[in-house]
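Just the one chain here, the form predicted alone, laid out as structure tokens.
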Amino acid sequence: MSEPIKPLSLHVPEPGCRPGDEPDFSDFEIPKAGQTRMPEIDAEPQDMRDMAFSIIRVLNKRGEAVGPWAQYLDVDRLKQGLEHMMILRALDNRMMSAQRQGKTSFYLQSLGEEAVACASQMALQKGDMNFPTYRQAGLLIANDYPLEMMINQIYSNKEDPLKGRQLPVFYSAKEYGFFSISGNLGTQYSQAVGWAMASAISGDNKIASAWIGDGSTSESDFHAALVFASTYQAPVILNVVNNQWAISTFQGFASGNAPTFAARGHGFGIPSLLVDGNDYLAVYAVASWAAERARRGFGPCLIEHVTYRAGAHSSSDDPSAYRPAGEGAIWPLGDPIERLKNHLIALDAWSEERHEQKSAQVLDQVKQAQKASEAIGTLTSGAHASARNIFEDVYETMPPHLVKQRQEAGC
């Protein structure tokens, strides 16, 4: 006689550790640096399915660049990359403090994830377009966007290029290949694919780079974008930044039972790669490979950047409520700035003393930009954009009801 069928129940994903537990990454498999192969640029997706399951790493524990992905970056470019990450970290630190002081309403930092955006930008060309989330400020910094302009936008002062009409850190800079950030995460993925399709239709050679976090991959926009990218072989790089945590929830809620987010590309016939997001050289190499593939007409590529959000989700978040203390300190892929610094030291092109000097120089650079911006105004002081801007830049000819509202508002 068969056993009675038990009542159905739902599976609720559980993180490995909760607040109060001892952080543990013992089940996190890390391949040796240099052991993951590099496919040919025109390889068929079905011939590279293994790339979605083995993390591409270049820097080993001794700071040496090894393996097929160890594409040569000259020392000057490596130093430049290190400086970009240091600037981003210093800016984040200063702006988090500014938020606590009431100079801005809100801030999101990229602590621990600096290599992902900074290295990826270095692989793109002028005219390519990023469709970012709010944690890719490194794209702007690596593209030499003025720090003062970034801080003006954060403070919503009179020189804010977005005229106070966006949340702090929701940048927009077309001339720097940085599409307007939307708080409705996921939408930028479909927009990036559409932009890439338009580039191909017009016969251009510019590509798009889409960005999404692990949590937002559960949005329908993510899957819709993959359908169009695959069907029309759009020249787009589809980046997934897996920093282990969405706000309040760990990545298991978005990944389900899939071993990696990269594996999701397989169902759409899209080549998918898994990369160590804290390894600047690995991120640069993979981004360069994907950019060349897209630019040569071989279609989209999905890249999962495995990294760790070392800070809070935002200035409004308390991560101690949902993850164990000290987890970031034992993250097995280390700190991206330390790893690139150690690589330069291994090349005899850097030293601890020079690093301290550069840190002081970078901090002074950020402080000067902050000082110049605060001389214009902050959220609670100084000059701000006119309220008139609420009504402008929408209609070529303003409709009568808005004209009336503007008059009633006295602006």
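Counting begins at 1, following the sequence as shown. As the structure is a computational prediction, the values presented were derived from the model and not from experiment.
Just so it is clear, the following notes concern the form predicted in complex with a small molecule, a form of the same protein that is not shown.
- Contact with the small molecule in the predicted bound form, defined as a heavy atom within 4.5 Å, is made by all three of 135, 185 and 214.
- The partner is absent here, but in the predicted bound form a heavy atom of 313, alone among 264, 313, 163, 341, sits within 4.5 Å of the small molecule.
- Screening 246, 98, 197, 73 for any heavy atom within 4.5 Å of the small molecule in the predicted bound form leaves a single hit, 246.
- The stretch among 214-222, 118-126, 73-81, 147-155 whose residues place heavy atoms within 4.5 Å of the small molecule in the predicted bound form is 214-222.
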